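We begin with a single chain expressed as structure tokens, specifically the form predicted on its own.
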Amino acid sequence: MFVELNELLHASPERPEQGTFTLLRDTRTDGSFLVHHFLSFYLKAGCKVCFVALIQSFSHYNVVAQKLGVSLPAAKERGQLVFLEGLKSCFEVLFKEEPPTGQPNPLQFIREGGSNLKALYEFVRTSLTPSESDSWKCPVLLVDDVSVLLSLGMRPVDVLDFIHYCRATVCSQLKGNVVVLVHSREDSDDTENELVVNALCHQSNLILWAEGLATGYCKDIHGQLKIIPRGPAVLSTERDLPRTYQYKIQDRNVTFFARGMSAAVL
């Protein structure tokens, strides 16, 4: 996890919030560093995590997690992490191989012509419903990224229904958290994706919006991050106000600073 980001969000792994839906949004840049942050944050916090990884392989996430001080294989072995590797599941569906568990493939909608995401939801619900022997803190669903479901043929209404049921189960019923990454392009003709993005923005409790610089590439400033709380209509404190920071991604860390305050600029 990135300590500076925790400070900006007033978050601590010792006291993780519960019942929140956090939307990670990126435009003209790669916001995956936010996914790696929340994955390592919740594992260090002692939460039960269901990670629906639709973009990269398990080994990719594990390499990054090790740099952040977390071992994904160890988390899986002790039952803290349930990892759905989308690339492998797609292969099993397309070549009609049965999952090792013998249970229905969570991505079986690919073979069924994009009917619904019920199997994926049941996978999430089953993975995060606590057993009597569980000693983990609040359950967490992490999805990277939901835009892939549209690319695989799902309708926007099906994707939004899936997120709605996950929020109802994880956030409301189990008092846990949902964190979802979605890609967006403000000048895009992909109306379905933008419909999903806008709907998720309205449903979220917190939006972390990573944007590329309008001026283009810069080796010392990789982008800017908007922190947008979504709370009551009346904003009570300064921390409830939207804030914007610029950032630089390093090998094991991300540095944040106020706009125009980078050492490279000064």
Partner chain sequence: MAKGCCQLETFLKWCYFYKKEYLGLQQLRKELPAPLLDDIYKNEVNEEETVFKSKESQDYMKIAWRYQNLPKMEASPAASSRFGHYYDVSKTLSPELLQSTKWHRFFLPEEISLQPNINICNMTSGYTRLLQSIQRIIYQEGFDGSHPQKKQKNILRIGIQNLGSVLWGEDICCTDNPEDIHSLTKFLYILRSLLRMSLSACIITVPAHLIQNKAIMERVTNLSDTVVGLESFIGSERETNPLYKDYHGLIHIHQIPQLNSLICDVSDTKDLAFRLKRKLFTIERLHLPPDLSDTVSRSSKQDLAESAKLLSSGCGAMAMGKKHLDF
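Positions refer to the first chain, counted from 1. As the structure is a prediction and not an experimental result, all values here were calculated from the model.
There is another form of this protein, the form predicted together with its partner chain, and it is not shown here; the text below is about that form.
- Between its partner chain and the residues 225, 54, 45, 206, the one pair within 4.5 Å by heavy atoms in the predicted bound form involves 54.
- Although the partner is absent here, residue 38 sits far enough away that none of its heavy atoms falls within 4.5 Å of its partner chain in the predicted bound form.
- In the predicted bound form, residue 75 stays away from its partner chain, with no heavy atom inside 4.5 Å.
- Taking the partner from elsewhere, residue 252 is found to have a heavy atom lying within 4.5 Å of its partner chain in the predicted bound form.
- Taking non-hydrogen atoms only, residue 151 approaches its partner chain to within 4.5 angstroms in the predicted bound form.
- Interface residues of 60 to 79, taken as those with a heavy atom within 4.5 Å of its partner chain in the predicted bound form (partner not displayed): 60, 63, 64, 67, 68, in sequence order.
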